[in-house]
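Just the one chain here, laid out as structure tokens, in the form predicted alone.
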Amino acid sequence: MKDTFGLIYTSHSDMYLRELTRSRSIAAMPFGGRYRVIDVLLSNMVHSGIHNVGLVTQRNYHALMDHLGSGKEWDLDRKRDGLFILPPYVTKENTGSYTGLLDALRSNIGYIRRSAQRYVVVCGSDILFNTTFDGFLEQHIRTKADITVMYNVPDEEELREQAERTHLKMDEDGRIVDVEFSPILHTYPAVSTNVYIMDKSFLMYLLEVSAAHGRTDFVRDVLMTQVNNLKIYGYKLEGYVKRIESIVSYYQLNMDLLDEGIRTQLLSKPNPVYTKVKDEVPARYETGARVSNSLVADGCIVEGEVENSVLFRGVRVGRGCKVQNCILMQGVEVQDGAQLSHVVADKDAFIKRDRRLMGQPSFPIVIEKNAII
């Protein structure tokens, strides 16, 4: 893996998360009480031995830059290679928003050309899993593939949610022979995780040819049209995989982490997830507080009742409050007597005394950043 570098594309699919991505990209989305989505992706690469990572950003990347800093927490603050944040270069032709993965990578071909490694792992920023890419690269080399696509097989309940997915059909040797993009009724159970590995020189060839023909989308313009001409293989990913496709899927991700088995699988094993460290005092539970089956981060003050919820740093739950099945991000304050159920409150939201907000698992209430309710 030392001969491999990584590219992470902060895609434009953040429109599905509405208020939560109004001032941040999906890669900067907080989850699990203290983590950001980008933490998992970077940790996967670092644990694989990849120490040259380019982060292709577009709209709303300031929160992401603030979180990543120099990349010290991921051991990516290096004299050679390291973490490179690649914001859009705004021109008359490029307004700062890419139209697809090929367009984004073509705009950063200078970084790709300068990278000394032979292979490149390209991934999106809206799918979470804990793995290393060693077996991924090993299969790619063994099969002499042009492109290898990482995939998993979601359960039927997850597939019911309408979202942009790429379904794959493979022959008995694992070679991809057909591709479906966002079908209403899917034919194949295997779904791409938007993670690809290929030779750097082959990627540069694809980018030049695509630019000459006005192609911008990797799935539609490469996988679907060239599936019979290129050697494209699939690599199955085992374990917990979560796609952040909507408010509901983001909510379910946090609820899943209340299960110790899933939490360990995603954040600890096989490799721990690194994140930005902040110095906070321990959480404080006042007399009369009751907390059950919840994640409570440092700096929280709990005086009321919290059940089946995720509390980020610095959250305050007042006396007589009842918080059930909620996600309260950093700095949220819930005043005395308020009752919340199935609520996602963004950073620094303020819920006044005796307010009552009741959502549903399939339709959680979203409170945007700095809102006062």
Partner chain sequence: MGKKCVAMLLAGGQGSRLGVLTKNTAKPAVPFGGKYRIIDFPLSNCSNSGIDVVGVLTQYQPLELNAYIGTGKPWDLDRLTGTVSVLPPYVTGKTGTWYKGTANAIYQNMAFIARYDPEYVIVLSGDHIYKMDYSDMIAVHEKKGADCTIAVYPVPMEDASRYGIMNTDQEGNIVEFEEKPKHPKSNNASMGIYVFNWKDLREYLIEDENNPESSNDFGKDIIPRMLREGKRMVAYPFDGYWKDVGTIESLWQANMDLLLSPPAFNLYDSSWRIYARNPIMPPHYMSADASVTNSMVTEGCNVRGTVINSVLFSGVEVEEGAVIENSVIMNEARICKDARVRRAIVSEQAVVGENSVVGGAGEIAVVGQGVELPEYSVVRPGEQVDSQAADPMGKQA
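Worth saying up front: this structure is predicted, and the values here are computed from it rather than measured. Numbering follows the first chain given and starts at 1.
What follows is about the form predicted in complex with the partner chain, which we do not show.
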property: The partner chain contact at residue 322 in the predicted complex, heavy atom, 4.5 Å; result: no
property: Non-hydrogen atom contact residue 34 with the partner chain in the predicted complex at 4.5 angstroms; result: yes
property: Interface membership of residue 277, the partner chain in the predicted complex, 4.5 Å heavy atom rule; result: yes
property: 4.5 angstroms heavy atom contact with the partner chain in the predicted complex for residue 209; result: no
property: In the predicted complex, the residue from 145, 296, 112, 190 that sits within 4.5 Å of the partner chain by heavy atoms; result: 296
property: Contact residue in the predicted complex, from 150, 291, 102, 219 (heavy atom within 4.5 Å of the partner chain); result: 291
property: Options 45-53, 335-343, 59-67, 25-33; stretch whose heavy atom lies within 4.5 Å of the partner chain in the predicted complex; result: 25-33
property: Residues within stretch 251-286 having a non-hydrogen atom within 4.5 Å of the partner chain in the predicted complex; result: 258, 260, 263, 267, 268, 273, 274, 275, 277, 278, 279, 280, 281, 282, 283, 284, 285, 286
